[in-house]
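One chain follows as structure tokens, the form predicted on its own.
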């Protein structure tokens, strides 16, 4: 059994180590043991390993990163009624997925629909569920209006899902990307949505022209850092900035934002709070994610796959700003085990 772990925060190449041991965990009551085959490297995973700029370094006992992935149920504990043994499942939230085995509550092991590949299944939950949370937050912030909404990192995995949702629901969306080449790619995918490259000196003026007299009502931001102040300047009075990530370096003091004078709202959204939703809401979200994986696997794009032992190269690839899709950590499937990948 292989496990990636770290005892302090810092550069992944320096703090992550691969440990091998003979014993594997055992599921308890209501739990299942999943033999992990594919796990994504999300930006939040890297933040957990490396920490945020300006924040003190944290130390702890051995900790294994990862909260999502796909595998095959190896064994089940007592009182597990669902027929999960031997089935392919996607898991979330499942702390410690950067390991060959992980124990999770049975109700958090989501059966992978037939025809969905292992790689798509590994990306089936976190990003689609995040988009569901973001869309609810946008609806609340708009208060019945139709936009416009400005989103950063429109070429990212979540950005593409937001764009697809906006097109489906006729939401006025303005997309921001870093580069001219990125703007061309996003513009080709969603030609009805304006896309602006922040490398342009006049990118803020371009946003204002597309937003019109009413201005931007909501900003969806996963960049943060020094860009936060520029985004707040683009909001209409009474607008809302929804933050759900921190891809940028630097910080913006809260006092630098005109919150009081312009009655702005800053709201955080985190997938880590998804479990606080009602069981019915979570079931609806999971059904949405399963359907998305079947109908639009292109929206769950894979950048590359690396064996778990090759984690340094995988992390380096995941950091590349120009990559398209999500980098995966993989484990070879044992011959004759589980169901087919359905590719």
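Positions refer to the first chain, counted from 1. This one's a predicted model, so the numbers in the text were calculated from it and none came from an experiment.
Just so it is clear, the following notes concern the form predicted in complex with a small molecule, a form of the same protein that is not shown.
Engineer: Indicate whether the candidate residues 35, 75 and 331 are all in contact with the small molecule in the predicted complex, with contact defined as any heavy atom within 4.5 Å.
Structural biologist: The answer is no: none of the three residues contacts the partner (heavy atom, 4.5 Å cut-off).
Engineer: Quick check on residue 269: any heavy atom within 4.5 Å of the small molecule in the predicted complex?
Structural biologist: Yes, contact at 4.5 Å.
Engineer: Would residue 325 show up as a contact with the small molecule in the predicted complex if we use heavy atoms at 4.5 Å?
Structural biologist: Yes.
Engineer: Is the gap between residue 204 and the small molecule in the predicted complex 4.5 Å or less for some heavy atom pair?
Structural biologist: Answer no; every heavy atom of residue 204 is more than 4.5 Å from the small molecule in the predicted complex.
Engineer: Do residue 155 and the small molecule come within 4.5 Å of each other in the predicted complex, heavy atoms counted?
Structural biologist: Although the small molecule is absent here, residue 155 would touch it in the predicted complex, with heavy atoms inside 4.5 Å.
Engineer: Considering non-hydrogen atoms and a 4.5 Å limit, which listed residue (297, 30, 305, 43) is close to the small molecule in the predicted complex?
Structural biologist: Of the listed residues, the single hit is 43.
Engineer: Which of these residues, 130, 117, 163, 240, gets a heavy atom within 4.5 Å of the small molecule in the predicted complex?
Structural biologist: By the 4.5 Å heavy-atom cutoff, the listed residue in contact is 130.
Engineer: Please name which of the stretches 143 to 151, 104 to 112, 245 to 253, 78 to 86 has residues with heavy atoms lying within 4.5 Å of the small molecule in the predicted complex.
Structural biologist: It is the stretch 245 to 253.
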